[in-house]
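The chain below stands alone, shown as C-alpha cells; this is the form predicted alone.
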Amino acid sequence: MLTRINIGPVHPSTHGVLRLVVDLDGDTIVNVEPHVGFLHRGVEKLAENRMYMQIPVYMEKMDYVAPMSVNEAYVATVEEALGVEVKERAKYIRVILLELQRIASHLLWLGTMCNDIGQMFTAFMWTFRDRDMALRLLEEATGQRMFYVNMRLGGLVRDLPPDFAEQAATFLDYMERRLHEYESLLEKNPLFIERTKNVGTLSRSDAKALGVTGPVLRASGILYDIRKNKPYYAYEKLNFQAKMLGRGDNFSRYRVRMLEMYESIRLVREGLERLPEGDALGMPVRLIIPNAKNRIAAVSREMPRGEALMYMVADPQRPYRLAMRTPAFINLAALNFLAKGQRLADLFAILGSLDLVMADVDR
C-alpha cells in the first residue's frame, strides 16, 4: 500500500519555497510531484510595462545566486534587438565577470549540497568563506556585492579597477589550491560517496528527452555548452573547453561542477592576460529607443545552472513581449525521473544535486 507525504512548502532542504508530494512504498520513492508557484515574480509581464533599462533590476532577482548572469542575458537580448555592438574590451570583461560569478555560484551550491547530505558542515563553512572572496572581487569591479546591475548596452557601467588583475590572480591561485582540498575532503569521505555515487541516476536518453541543460545534462554524457556550441563574446578566442562525464548520478553532477570551476579559473586568467586596451563603458541609459518597432531577438546563454533563452519583440519604449526559458524549472522537471526507486533519505541529496533556485523556477 502506498503512503503519500507532503514535504514543504517550507523545508530547510528545498532552497526556497517548494512543495513536494511524495508517494512511498515503505521507504522507496514511487513518485514525486513538485508543486511550484510560491515565489512567482511575474517578471515577463513586468517587462512589458517597464522601459528597457528599468528592467535589469528585476532580472537579477530571478537568480539571486548568479544575478549577473541573468542580467547579462537580458542586456544581450536588447543589444541583439537593437543592433548594438559590444566593445571589444567589454567582451573580455564580461567573460571574466561571468566566470567569477560561476565560481561563486558553484561554491554556494557545493556548500549547501554538503549540508543537505548531512554531517558535512565543515565543507559548508569552507565554501562560504571562499565564496566571500569571489564576491569581494565582483564588488571591486561593480560596486555592489550581490545585485550588480553592471551591464549597459554595448559595454559596462564601470571598467575594471587598476589593481583588479593582481587581486584576481591572488584569489585564483588560492581558489585552485582550495579546490584540491575540497576534493580531498569529499572524495575520500565514505558518507559523501555513499550519498552521491549511483544515486539519482539520469540516463543520457532521459536527459535529452527531458531537455535538461547545464551540469545536469553534461553529467549524463551529453557535451552541450552554449559557450562552446554557440560561443559569444571572447569564449572562442579563449579556447574554452566544456566539461562532461557520463554516469549521470549525483557524483557526476558534483564532478562536472568542480571541473567547471577549474575551467573558470583558467578562463579568468587567460582573459586578464589577453584583455585589450580601450574603452569598455556602455551607452548612457536611454529609456526610449527609436527605430525598434517589431524587431525580434532570441539569445541563448550558458548560466551556472544551465541554458537560458530569452526571446524579445521590441518596441521603441519597452519590450512588446519578453519570454524566457530559464534552466532551473526544466531541471526540476527531472526530479521524478531521478528519485523513482530511491530511498526517501536520498531525496534531498538528489534535489540538491540539481542546484535549484526557486525564484528562477517560478519567475
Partner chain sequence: MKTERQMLLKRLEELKGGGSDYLVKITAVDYIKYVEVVYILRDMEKNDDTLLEVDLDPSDLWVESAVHIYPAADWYEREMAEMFGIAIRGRKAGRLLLEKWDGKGYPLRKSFAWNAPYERID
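Numbering follows the first chain given and starts at 1. Just so it is clear, the model here is predicted, and its values are computed rather than measured.
Just so it is clear, the following notes concern the form predicted in complex with the partner chain, a form of the same protein that is not shown.
Engineer: Select from the listed residues Leu153, Leu98, Ile226, Ala141 the one whose heavy atoms reach within 4.5 Å of the partner chain in the predicted bound form.
Structural biologist: Looking at the other structure, the residue within range turns out to be Ile226.
Engineer: Given that the partner chain is left out here, which of Lys230, Lys237, Lys87, Arg247 has a heavy atom within 4.5 Å of it in the predicted bound form?
Structural biologist: Partner contact (heavy atom, 4.5 Å) among the options: Lys230.
Engineer: Although the partner isn't part of this model, could you tell me whether Lys208 comes within 4.5 Å of the partner chain in the predicted bound form, counting any heavy atom of the residue?
Structural biologist: Result yes; Lys208 sits at the interface with the partner chain in the predicted bound form.
Engineer: Find out whether any non-hydrogen atom of Gln317 is located within 4.5 angstroms of the partner chain in the predicted bound form, and reply yes or no.
Structural biologist: Close contact is absent here: in the predicted bound form, Gln317 is far from the partner chain, nothing within 4.5 Å, heavy atoms only.
Engineer: In the predicted bound form, does Ser220 come within 4.5 Å of the partner chain, counting heavy atoms only?
Structural biologist: Although the partner chain is absent here, Ser220 would stay clear of it in the predicted bound form, with no heavy atoms inside 4.5 Å.
Engineer: Can you tell me whether Leu309 touches the partner chain? I mean in the predicted bound form, with a 4.5 angstroms heavy atom cut-off.
Structural biologist: Yes, Leu309 lies within 4.5 Å of the partner chain in the predicted bound form.
Engineer: Among 161-169, 211-219, 74-82, 256-264, mark the stretch whose residues have heavy atoms within 4.5 Å of the partner chain in the predicted bound form.
Structural biologist: Looking at the partner contacts, the answer comes out as 211-219.
Engineer: For the stretch 302-334, which residues lie within 4.5 Å of the partner chain in the predicted bound form by non-hydrogen atom distance?
Structural biologist: Result: Glu307, Leu309, Tyr311, Val313, Tyr320, Arg321, Ala323, Met324, Arg325, Phe329, Ile330, Leu332, Ala333.
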